[in-house]
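Listed next as structure tokens is one chain, alone, in the form predicted on its own.
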């Protein structure tokens, strides 16, 4: 009942607000970009003045979607004075980058599906039973009476596709397929989304992947696969961090592997750690211990320091938890 009341409160707040700022999280993924744009386009259909922003560079391949150019940077909107701020797909204030400075100045709504959410808004609709925040945006838009057209449907489907691993992950439940079917019936093109994300690689990415494979290690009786890339590795092949975006999934794809860990140091001394699991291990437990968070099958954190030392520490924690669950 509490969640239902919060949902209705959010609907009421949005209806009474004229100027709305919609914010996504740093290191944005498909669900985040989808949720930001789906809400923005939906609210514009209601006649609202809407600004959408993310305090991070958007991965280049997303620009095949024309609407992505609507997402502004922190510098472009830091002086904007909205009636309401809506944060989507972010579990804590640090996940919105410099926009965290605005949290005490405006009424803030948080819409998220991460179980690790710390409820940092004035109003928080958090529901981990959804596979993607994009599903929550679909329900919000429908409650607001927004009519879906082909473009809005396509943008909304992207979040559902990407956060379910294109319907391969265990979170692809009946609700997911019903939502996807509805959006496809409105005109969304799932094949176009899959090609944009999965079949858009550069030769340099394959060379970077080869370097990652050279450093691959298997541990815990074949249950754990991990690897890492240093700043030098990225420079050697003229790559950016977005070029290694799918590498942790490549590790998870190995036969017999339950947990995959990938560490990347695109900026010297700053290491992004991605965790994935296949069937039964909760990688969110590792991420939380290391100051991060996420889901049971996908989580992450960011650590500062020497990458070799960080690799050692991360794998030590991972092995400890993995071994304790296999005894």
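Residue numbers count along the first chain shown, from 1. Keep in mind the model is a prediction, meaning the values are calculated, not measured.
The form predicted together with a small molecule is left out here; the points below concern that form.
- Taking the partner from the other structure, the small molecule in the predicted complex has a heavy atom within 4.5 Å of a heavy atom of residue 92.
- Using a 4.5 Å cutoff between non-hydrogen atoms, residue 60 does not count as a contact of the small molecule in the predicted complex.
- Among heavy atoms of residue 300, some come within 4.5 Å of the small molecule in the predicted complex.
- Contact annotation: residue 272 falls within 4.5 Å of the small molecule in the predicted complex, judged by heavy atom distances.
- Contact with the small molecule in the predicted complex, judged as any non-hydrogen atom within 4.5 angstroms, is confined among 290-298, 64-72, 50-58, 33-41 to 290-298.
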